[in-house]
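Okay, so here's just one chain, in structure tokens, the form predicted alone.
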Amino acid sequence: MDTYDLITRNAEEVVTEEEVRKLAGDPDGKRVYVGYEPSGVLHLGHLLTANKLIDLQEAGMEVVVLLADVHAYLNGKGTFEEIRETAEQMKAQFIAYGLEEENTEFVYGSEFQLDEEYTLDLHQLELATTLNRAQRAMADIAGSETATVSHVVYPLMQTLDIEYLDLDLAVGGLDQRKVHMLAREELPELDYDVRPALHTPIVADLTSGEGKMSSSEGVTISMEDATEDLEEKVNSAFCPPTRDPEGDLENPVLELFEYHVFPRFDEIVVERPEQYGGDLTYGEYESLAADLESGELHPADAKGTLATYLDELIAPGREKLREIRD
């Protein structure tokens, strides 16, 4: 796999291809970030972007993880002391999951977002950005929450973070797209350069295949889950024998194979008794998806295998959480 393909693997959107190809031509030492509002326990949504960060480290880039304590405070997630405690838990889980500690810089937003220069730039953005534009940028993140003034400041801060962290590339879920587009529009107004962005997909709800998997609604998988709980969640997942269910539905089992399992394992083995055809071995996602559609791979076997590999991925983080809490 060449460097550009590695950098963009499983990206839903590349903004822009030309800019990212230029980065791929000389990736060593380039800085890429994802910002996370501290929540304590990592779930599959966090780990999808973490997988991309691991790809980018493999490509030679330096990873910056913004532990967005000021953003969390603006979002009513507790005191700074409480938020800092959950952020430290997240940091330990990211390292346990596979980010290279020596090549990962963890930064608290409060280390620079309360400085005078940043604050003055933020006020400049407030003057230059309409209320409607800021609300649109925050809409996919805030969801159905009642909008507050802090909600419209939030995306303006994300815009400035890209400059103040001295980044070459921004990464986020597709729900961050409007924020990154706002940054591309507004940073030049402050005489700052625009940066390219990668957007990772949104995985569908595990039990229905609709919408998106959410840690606040429905069923999600996190590093808190015991092996038995994880297996129960995966075995109850929506998994029709196709990658393209009717209507707006998605197959979340296949999505988890594609976005979480195959990027982290060279080979996937589906263990089956000889009377049911024996083991199946896959080196790439497309072969597994094709076998599910053809009937060669039964959904129950796909789910059992998915649970095994997901459990292997989150086991180090689960153990780290237990150490922290004991």
Ligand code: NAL
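In case it trips you up, residue 1 is the first one in the sequence shown, and so on. This is a predicted model, so every value here is computed, not measured.
A second form of this protein, the form predicted in complex with beta-(2-naphthyl)-alanine (NAL), is not displayed here; the remarks below concern that form.
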* Asked: Site superposed, beta-(2-naphthyl)-alanine (NAL) placed from its pose in the predicted complex: open or blocked, blocked meaning at least 3 ligand atoms within 2.4 Å of a backbone or C-beta atom?
  -> open
* Asked: With beta-(2-naphthyl)-alanine (NAL) left out of view, which of N251, Q158, Q93, T200 would have a heavy atom within 4.5 Å of it in the predicted complex?
  -> Q158
* **Sole residue of L66, L42, L292, A50 within 4.5 Å of beta-(2-naphthyl)-alanine (NAL) in the predicted complex, by heavy atom** => L66
* Segment that reaches beta-(2-naphthyl)-alanine (NAL) in the predicted complex - one of 34-42, 53-61, 294-302, 262-270, heavy atoms within 4.5 Å -> 34-42
* To do: With heavy atoms only and a cut-off of 4.5 Å, decide whether S222 touches beta-(2-naphthyl)-alanine (NAL) in the predicted complex.
  => no
* Asked: Do Y97 and beta-(2-naphthyl)-alanine (NAL) come within 4.5 Å of each other in the predicted complex, heavy atoms counted?
  -> no
* Asked: With the partner left out of view, is H71 within 4.5 angstroms of beta-(2-naphthyl)-alanine (NAL) in the predicted complex by any non-hydrogen atom?
  -> yes
* Asked: Going through 166-187 from first to last, which residues have a non-hydrogen atom within 4.5 Å of beta-(2-naphthyl)-alanine (NAL) in the predicted complex?
  -> Q176
